[in-house]
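Read the single chain below, which is given as structure tokens and is the form predicted on its own.
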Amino acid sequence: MNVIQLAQMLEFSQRGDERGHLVIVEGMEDIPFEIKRIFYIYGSDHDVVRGQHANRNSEFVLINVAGTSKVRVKDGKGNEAIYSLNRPHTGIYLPRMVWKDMYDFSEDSVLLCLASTHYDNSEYIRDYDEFVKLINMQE
């Protein structure tokens, strides 16, 4: 199975009544890793592209808790998939060594990011050509 097939949409349990809704996301239960870091992206214009990197060690789950955005995932071998994040009870699981671009943010977008590792700048691959070379060396 290639890395594009490992990236997948997740749906989280939600509870609600006349008071509103509650969405539950638990590490090692609803997502396939223990959550070590949480951050969120907001205030990005419609034409801004975020991400533009791959990670050697980190896995992510991205959830648009407000508004909408899209995520383009590339495997470095010419395959790509685009996911729309448009419901606050769904997210996308992104495994290690997948290129990710987040874009097409709505004005009210708040993109929540759950990560399997603490931040380590050295594990980020920020040059797509370098990413492709690393992928091809793994074969």
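One rule holds for the numbers: they count along the sequence shown, beginning at 1. Keep in mind the model is a prediction, meaning the values are calculated, not measured.
Keep in mind the form predicted together with thymidine-5'-diphosphate is missing from the figure; the text below concerns it.
Taking non-hydrogen atoms only, Met102 approaches thymidine-5'-diphosphate to within 4.5 angstroms in the predicted bound form. Interface residue remark: His21 is not counted as part of the site for thymidine-5'-diphosphate in the predicted bound form, having no heavy atom within 4.5 Å. Contact check for Lys77: no non-hydrogen atom falls within 4.5 Å of thymidine-5'-diphosphate in the predicted bound form. Although the partner is absent here, His53 is a contact residue: one of its heavy atoms lies within 4.5 angstroms of thymidine-5'-diphosphate in the predicted bound form.
Of the candidate stretches 81-89, 68-76, 36-44, 23-31, only 36-44 has residues whose heavy atoms lie within 4.5 Å of thymidine-5'-diphosphate in the predicted bound form. Taking a 4.5 Å heavy atom cutoff to thymidine-5'-diphosphate in the predicted bound form, the contacting residues in 107-136 are Tyr119, Tyr124, Arg126.
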